[in-house]
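Take a look at this one chain, the form predicted on its own, written out in structure tokens.
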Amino acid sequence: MHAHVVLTSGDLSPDSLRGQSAVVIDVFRASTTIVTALANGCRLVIPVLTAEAARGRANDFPRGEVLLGGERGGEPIAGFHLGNSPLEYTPERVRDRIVIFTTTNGTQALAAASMAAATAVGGLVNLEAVAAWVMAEGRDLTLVCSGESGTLSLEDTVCAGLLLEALTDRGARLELSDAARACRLVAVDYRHQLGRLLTDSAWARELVRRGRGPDLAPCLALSVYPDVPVLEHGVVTRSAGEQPR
């Protein structure tokens, strides 16, 4: 299996994904929020590129079925029901609801990765489940790190490297691109010290400065969810996975 990592979604050529599996990674916070929402009973997550598109898409559904969620520049969007904190997407808020979701980086990455043969949402919180999904799909793989406004983000890089490690542990024979190899090397330093990302990641420090530090611990919980959100026809649904090991 050939494995490549795109270090920011802006570096991705969508045509390069044809025939491949893609995993979109945005640890702080969109991936974690999507995984959490679906695990807590959300029916669908519909990623869109803009707040205006989210409001327009909401008109396609009966009132009361839809929640608008997301952020711009890390802050909640005025008039939206939810932001981009996984702590907000509780069963009481999202069960049996549809979430129309837009973020600065994560939903842009999902749009860019939609040309893949199969596209999943991954984070630290469902790492083992995503590894199992990749193995089951059996295709060449591109991991798409969302990054932060066009720049590399350490937490996404580490997650990509740990996912490659998890695939190796499952017996995958990986042919790594240079970017993938670099991610594995970076991940070695964090494998047993994920808490270091709270201070080493520039975006984590910025979120703490803004008073959003409580969002971060749930994003660093390793393999606590057994499901893999899968993007098909513009909609993200919950794909049943294995129990975390």
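A residue's number is simply how far along the shown sequence it sits, counting from 1. As the structure is a prediction and not an experimental result, all values here were calculated from the model.
What follows is about the form predicted in complex with a further copy of the same chain, which we do not show.
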Point to revise | Among 186-194, 50-58, 30-38, 66-74, the region lying within 4.5 Å of a further copy of the same chain in the predicted complex by heavy atom distance | key: 186-194
**Study point:** Proximity to a further copy of the same chain in the predicted complex, single hit among 132, 115, 82, 154 (heavy atom within 4.5 Å)
**Key:** 154
Exercise for review: Scan 198, 207, 179, 46 and let me know which has any heavy atom within 4.5 Å of a further copy of the same chain in the predicted complex.
Suggested key: 179
Check your understanding: With the partner absent here, would 4, 11 and 202 each sit within 4.5 Å of a further copy of the same chain in the predicted complex, counting heavy atoms only?
Key -> yes
**Study point:** 4.5 Å heavy atom contact, residue 91 and a further copy of the same chain in the predicted complex
**Key:** no
